[in-house]
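Same chain, two versions here, written out as C-alpha cells and called structure 1 and structure 2.
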Structure 1
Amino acid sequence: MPNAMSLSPHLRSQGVPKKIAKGCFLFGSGEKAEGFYYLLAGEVRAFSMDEQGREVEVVRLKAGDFLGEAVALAGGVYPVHAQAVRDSRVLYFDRRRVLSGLSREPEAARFFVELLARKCLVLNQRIEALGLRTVRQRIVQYLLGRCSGGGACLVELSGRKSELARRLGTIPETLSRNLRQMQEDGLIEVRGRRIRILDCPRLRAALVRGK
C-alpha cells in the first residue's frame, strides 16, 4: 500500500466519516484541495487524463491509505481525479483544522512529517516504474508483486484488462500485445482475468534483463 499507516485515536477523532458509493468521485483534477482522505474500507483509484482523453491510473488505494494529504497541506489543487472503485468508507480531514493543531500537538506533527516523507518515496518509485521501464517490465513487476516467488503462481485480476492497462500507464492494445508475447515466450498463461506465472524465477530474471 502506498501510505498504509494506522491512525491514533486522537487523529481519528479529527476526521469526518463519509461513505463514497462505487463510481462516485472524491475530487476532480484542478479542484482546490481543502482537505484530504484516509481510507477506512473499500478501494479508490487516482488517475489523470491525457490530451486524447485516455486515462492513466496513477495509484490504487485500499484501507489504511491516505489520499490528497500532500497537496492539501501545501494548499494547492488536486492534480488527479479520485474515484471509488467500490463502495468505500473514508475519514475526511479539513486542512485548516489539521494545520492549526500541528503547533500544539508534536505527535501529530511527527506523524504527518513521516507520512509526507513516505509519499515522496512512493512517488519516486512510481516515476521510475512508469518512466524508466518498458510496458513489459511494468507487467512483470505487477505480476511478481502478487506471487509467492516459488515455482508457479496464479494471479487473478480484480478488474478488466483495460483497468490494468490504465494502472500500468499504457493502453489495452499494448497490454494485450505484451501479454500475448509473454505467453508465446512461455512465461505466463492467460485465461480471461487469470494469469498463471509458469516460472517465477524465470520471470524475475526477465525483469532484470528487460526481456
Structure 2
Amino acid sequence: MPNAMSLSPHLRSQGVPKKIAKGCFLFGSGEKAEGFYYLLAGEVRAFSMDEQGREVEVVRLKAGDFLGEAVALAGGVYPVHAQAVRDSRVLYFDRRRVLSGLSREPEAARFFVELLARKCLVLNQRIEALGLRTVRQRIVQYLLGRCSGGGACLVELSGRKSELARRLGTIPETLSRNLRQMQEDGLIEVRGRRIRILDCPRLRAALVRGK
C-alpha cells in the first residue's frame, strides 16, 4: 500500500539510513520484528512461499512506503520475506526506540496513529473488495479506485498483469478474459499495461448491479 505520507524531518532523523543492494534481504519470514523500514529510494518486494516453495509476491514497495511497521509495532514476527529488487536506500526504525520515543515525541505519536489508522481503512476496503462476487466487479472497483472520476481516464498498471490478477484474488487467464470482455463491451480499452476507461459512469453502474 502506498502511504503517501511524508516523514517529518524530526521523525526522519530517528531513522537509521541503510543501503540495501539489489537482491539483499531486509528480513525473512518468521523472524521476530524488531524494527521496520521506510523506503527512501529503490524497490522492494515482499513475498511468501507457498507449500511447494514457490514464491508468491504479496506486495511491492516503492519510495515513500513503509515496510513492516504494523508487525513491528504490534510486536509480532514478519509474515513474509522482503528483498530489494533494486539497489535501495531505506531508513530503519527500531521498534523499541520508536515505541518509547512516542512518550517524548507527540509529533511521532500522532504520525504513527494516523498512519496506522489510515492503513486500517485501506485494508478494510480491500476486504470489502475481495468480498465482491465476480472477478469483473473486482476489476471494476480496482479501476474506479484509481481513476479521477471524470469522463475518460487512463490507468497505468504498476506491475505485471499476473500480479494484478493475484491481488484481485484470481489468476492471469481469468483477468485476461475479463479485460477482453469489458473491452468488447466498450467499457475500457486495453493497450499493454495501459487501460483507458471509456465509460466511467457505465463502469460504476456495473459495479452496483453486481453484473
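Note that the structure is a prediction, hence the values are computed from the model and not measured. Rigid core (definition): largest C-alpha set, two forms, superposition within 1.5 Å. Here, residue number means position along structure 1's sequence, counting from 1.
Student: Any idea which of the pair is the form predicted in complex with the DNA?
Tutor: The form predicted in complex with the DNA is the one given as structure 2; the other form is structure 1.
Student: For Val140, is the CA shift between structure 1 and structure 2 at least 2 Å following rigid-core superposition?
Tutor: Passes the 2 Å threshold, so yes.
Student: Once both forms sit on the same rigid core, is the C-alpha displacement of Leu179 at or above 2 Å between structure 1 and structure 2?
Tutor: Leu179: C-alpha displaced by 2 Å or more between structure 1 and structure 2.
Student: Cα of Arg160 displaced 2 Å or more between structure 1 and structure 2, core superposed?
Tutor: Arg160 C-alpha, core-superposed: shift of 2 Å or more.
Student: Please state the CA displacement of Gly169 between structure 1 and structure 2 in angstrom, with both forms fitted on the core.
Tutor: After core superposition, the C-alpha of Gly169 moves 7.3 Å between structure 1 and structure 2.
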